[in-house]
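Consider the single chain below, provided in structure tokens and representing the form predicted on its own.
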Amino acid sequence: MSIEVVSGNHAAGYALSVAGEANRGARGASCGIYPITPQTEIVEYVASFPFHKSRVVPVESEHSAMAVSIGASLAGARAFTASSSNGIAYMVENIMVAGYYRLPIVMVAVNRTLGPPWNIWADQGDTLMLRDFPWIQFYCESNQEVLDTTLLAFRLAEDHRILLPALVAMDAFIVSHTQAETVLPDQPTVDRYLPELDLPHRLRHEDPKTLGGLVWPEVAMSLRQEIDEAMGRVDEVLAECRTAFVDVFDRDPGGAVETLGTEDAEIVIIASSSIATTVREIVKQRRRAGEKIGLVKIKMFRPFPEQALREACRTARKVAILDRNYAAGVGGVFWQETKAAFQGHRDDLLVQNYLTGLCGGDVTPAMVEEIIADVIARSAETKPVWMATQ
């Protein structure tokens, strides 16, 4: 292993590449690639990687990039791609198909504001519009977390108890283009962590099949139920993948949630991705001053970690959710999920939403302090509060 100063995009491209190379003894790897700011460096890295058994296929659109990955995965290859923003929107039809085909494709997404008007900065709306699709979703805080989670995502997605695609997201520019010290595992170490892919329903010449044909309602419903059952197994399998990661790489890639100071917290701040970095420092300062404030960083959004979240907030009286996303007419997506997680479990908890950092706005320490002051002073919930960068 080596420690290098690299960007989040470099970390993602490296992880995708060595994961693909780890399948060289089986049916190899394949990646459909199409550039879009700010993820282009990821597919550039993959395209230049010296694979021994792979096909990197430049295509004419993001829709086709996922189509290539679908075809490769159906053939039994380890398949992956990357995209962002309106590229993901263009890819949506095939993203859905990959999930319903139960293909363990891994996609790295660089969260960027959907346009128009055009904006290249961080906003989680591009991937959260996929929240009803059968994809596991991770939201990463740092370059190291991007690399580690990408490797973990392959092992999780390819487990026969799961067999669902996985998305690994990071904030545009804040993570994708910022350089930081990152441990890059060597190929033999990655080989030890990632077993060769054995897709049970891959297409075979000796046993020809058709896919995606017309079925009766009861058949389609049973397939949806099987997906739901697989989602229900993710927590258990994720824990196993995490333990194996620690054994091989000697570091913890993190779980579905990460907490700080929640054991006695009366006020809990919920954040994800790079916003959690800023919130963590404020929470540390406030706790040193004797205040009972805690942080819950939600890393895995799908399936939503309801039980872990409820446990982390067991002593809280008030919860503030910081959302770098917005569902029109409703509010933040993480807030909606959090409210649903507590419904029927807590009727004494004030849960307030703060829309902050949307469309690439900075989330500053002063803004976090303002949010904490607001939630402390509250006696009732209101509609989501818009927090604009000053």
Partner chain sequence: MPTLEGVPPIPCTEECLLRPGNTNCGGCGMGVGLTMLGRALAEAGDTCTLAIPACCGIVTAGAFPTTSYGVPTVATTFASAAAVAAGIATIRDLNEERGQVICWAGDGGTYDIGIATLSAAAERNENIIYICYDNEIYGNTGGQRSSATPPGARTTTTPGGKSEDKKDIMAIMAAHQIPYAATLSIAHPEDFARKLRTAFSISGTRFLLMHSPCPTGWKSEPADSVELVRLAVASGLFSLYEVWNGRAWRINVEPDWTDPMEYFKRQRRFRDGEIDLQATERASRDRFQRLEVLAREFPYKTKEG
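Numbering follows the first chain given and starts at 1. Bear in mind that the values here come from a model prediction, so they are computed numbers and not experimental data.
What comes next is about the form predicted in complex with its partner chain, which is not displayed.
Comparing 121-129, 238-246, 209-217, 266-274 against its partner chain in the predicted complex, the single stretch with non-hydrogen atoms within 4.5 angstroms of it is 209-217.
Each of V97, L203 and L223 comes within 4.5 Å of its partner chain in the predicted complex, counting any heavy atom. Of the residues given (L355, V351, A341, V68), V68 alone sits with a heavy atom within 4.5 Å of its partner chain in the predicted complex.
Among A29, V43, I321, V363, the residue placing a heavy atom within 4.5 Å of its partner chain in the predicted complex is A29. Heavy atoms of V333 never reach within 4.5 Å of its partner chain in the predicted complex, leaving it off the interface. At least one heavy atom of E60 is located within 4.5 Å of its partner chain in the predicted complex. The closest heavy atom approach of Y101 to its partner chain in the predicted complex falls within 4.5 Å.
Not displayed here, its partner chain is approached by A75 to within 4.5 Å at the level of heavy atoms in the predicted complex.
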